[in-house]
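In structure tokens, one chain follows: the form predicted on its own.
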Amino acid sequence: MPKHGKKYLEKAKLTDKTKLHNVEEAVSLLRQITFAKFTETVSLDVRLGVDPRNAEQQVRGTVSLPHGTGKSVRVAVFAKGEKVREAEEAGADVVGGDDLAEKIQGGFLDFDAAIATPDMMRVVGKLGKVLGPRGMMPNPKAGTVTMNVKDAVGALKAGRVEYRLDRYGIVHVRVGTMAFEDGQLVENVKALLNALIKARPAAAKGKYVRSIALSSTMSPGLRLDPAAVGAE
């Protein structure tokens, strides 16, 4: 069992592990139980009633959070020709082709997300072992393999996030920081939950949303009521 510090244990006394909150209640309480001296990240963890090993029950997609994530996203773009200029004008942080791939294979990872035009996937495919485990491999379902480079870069910079199951059937997504206003966090959380509900696979049987937890970097987790957010 992990050991928690004195401040964590003090804040944990303010929570009830058996209580299920609506989004507004959870965000308000989260404000009371954060204690770090830095601006904490706020995350939502959703356990889904699907089998992550079953291809027909995969849950993966993107959602544009109304208020972004509070994080400045560095974007790398694999492109050539006119698409290089388009990416640069859209605000991409690094743009290239074979040269960028070689740089990444050499250890360069100074970016948070990657976009590729379809004709560059022959180059990007070689980087699967590097980008894949970090969740940065361009993918058509995530809108990161596209000829519309301008909009893709803009969406990532504005706060579009990708959600996907881990091997335990849980989706983990950053939904903001404690510097956000309560209303902003509420809207971001609801936007993500709505996206997950819409993404329910046809092959999923039984209860779809098993549990939802909201937490900040250092805080105890707060349980949300699936029924209260229309997820049951």
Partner chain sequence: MFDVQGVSLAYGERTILRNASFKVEDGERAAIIGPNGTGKTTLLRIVAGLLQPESGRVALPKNTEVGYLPQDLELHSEKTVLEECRLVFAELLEHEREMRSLEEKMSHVPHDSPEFENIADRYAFLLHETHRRDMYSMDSTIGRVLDGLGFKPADQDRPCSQFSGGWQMRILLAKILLQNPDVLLLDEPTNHLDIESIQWLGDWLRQHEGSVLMVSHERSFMDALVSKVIEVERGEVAVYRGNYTQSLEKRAERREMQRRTFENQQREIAHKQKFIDRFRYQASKAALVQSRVKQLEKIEKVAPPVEEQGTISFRFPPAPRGSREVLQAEGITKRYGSNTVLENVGFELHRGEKVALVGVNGAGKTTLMRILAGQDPLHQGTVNYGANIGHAYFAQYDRDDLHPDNTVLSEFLSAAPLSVSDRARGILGAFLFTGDDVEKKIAVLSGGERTRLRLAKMLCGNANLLLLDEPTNHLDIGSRLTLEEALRQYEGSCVLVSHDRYFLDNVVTRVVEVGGGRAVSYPGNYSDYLRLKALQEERAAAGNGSTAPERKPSPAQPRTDGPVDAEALAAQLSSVPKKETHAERRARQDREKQQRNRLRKLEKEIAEHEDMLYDYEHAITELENRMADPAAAQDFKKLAKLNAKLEEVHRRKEATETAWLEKQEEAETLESALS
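Residue numbers count along the first chain shown, from 1. Note that the structure is predicted; figures quoted are calculated from it, not measured.
The discussion below concerns the form predicted together with its partner chain, not included here.
Taking 4.5 angstroms as the heavy atom distance cut-off, pick the stretch from 149 to 157, 94 to 102, 69 to 77, 117 to 125 that is near its partner chain in the predicted bound form.
Single hit among the candidates: 117 to 125.
Taking its partner chain in the predicted bound form, would R53, V145 and R167 all count as contacting it (heavy atom within 4.5 Å)?
Yes, because R53, V145 and R167 each have a heavy atom that approaches its partner chain to within 4.5 Å in the predicted bound form.
Taking heavy atoms only, is P140 within 4.5 angstroms of its partner chain in the predicted bound form?
Yes.
I'd like to know whether G81 contacts its partner chain in the predicted bound form, with contact meaning heavy atoms within 4.5 angstroms.
Although its partner chain is absent here, G81 would stay clear of it in the predicted bound form, with no heavy atoms inside 4.5 Å.
Would K190 show up as a contact with its partner chain in the predicted bound form if we use heavy atoms at 4.5 Å?
Output for K190 is no: heavy atoms all beyond 4.5 Å of its partner chain.
If you check in the predicted bound form, is K129 within 4.5 Å of its partner chain, heavy atoms only?
Answer yes; at least one heavy atom of K129 falls within 4.5 Å of its partner chain in the predicted bound form.
Just one of R200, R31, R60, H172 has a heavy atom within 4.5 angstroms of its partner chain in the predicted bound form, so which one?
Spelling it out, the residue with a heavy atom inside the cut-off is R60.
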